[in-house]
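Okay, so here's just one chain, in structure tokens, the form predicted alone.
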């Protein structure tokens, strides 16, 4: 039993790790961090191996949460560095000057961000996103539409204010 469990996990790792790590790489823009996140997702899957019905979905949702945690950590570090190095003059925040899609996606509410990451970044079909998030397909489609509209509005606003 233990051998077959290890073999199944090994096969799953070989089949999914490269794509999961690549997906994480696109989100965090750093190879080492991406591999750490993908490895941690697999470690968490292994710890719950017998109770996870959909391993692929578990991996991507776990990785999405770890990416979100990474983004939050970077934002805390950025704010701390800004406080340490700030001058008396008031300057616009870098996010206002750079309409980075990553920052905009990060700022979306979780209800919109998770389906967007799973569908567009992990290339999961709407049906699979629906199963993983526990929402109806129509709700996932509406959330994706709302997320796209918010991103469009923020990008347009950012681009209209650039010199």
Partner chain sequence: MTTRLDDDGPEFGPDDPLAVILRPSSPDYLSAPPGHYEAIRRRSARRRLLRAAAGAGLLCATAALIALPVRLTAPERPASPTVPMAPPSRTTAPPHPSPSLSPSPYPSGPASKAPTPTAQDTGGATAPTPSSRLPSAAPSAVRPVPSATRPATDRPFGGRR
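Positions refer to the first chain, counted from 1. Please read these numbers as outputs of a predicted model, since none were measured by experiment.
This next part talks about the form predicted together with its partner chain, which is not shown.
Student: May I ask you to choose, among 29, 40, 54, 69, the residue with a heavy atom within 4.5 Å of its partner chain in the model of the complex?
Tutor: Exactly one listed residue reaches within 4.5 Å, namely 40.
Student: Would you please decide whether residue 110 lies within 4.5 angstroms of its partner chain in the model of the complex, comparing each non-hydrogen atom pair?
Tutor: Taking the distances in the model of the complex, the answer for residue 110 is no, it never comes within 4.5 Å of its partner chain.
Student: Any chance residue 116 has a heavy atom within 4.5 Å of its partner chain in the model of the complex?
Tutor: Residue 116: contacts its partner chain in the model of the complex.
Student: Using the partner position in the model of the complex, report whether residue 138 sits within 4.5 Å of its partner chain, counting heavy atoms only.
Tutor: Yes, residue 138 sits close enough to its partner chain in the model of the complex that at least one of its heavy atoms falls within 4.5 Å.
Student: Should residue 127 be counted as a contact of its partner chain in the model of the complex, where contact means heavy atoms within 4.5 Å?
Tutor: No, residue 127 stays farther than 4.5 Å from its partner chain in the model of the complex.
Student: Which residues from 5-30 come close to its partner chain in the model of the complex, meaning a heavy atom within 4.5 Å?
Tutor: Read in sequence order, the residues that approach its partner chain (within 4.5 Å, in the model of the complex) are 6, 9, 10, 13, 17, 18, 19, 21, 22, 23, 25, 26.
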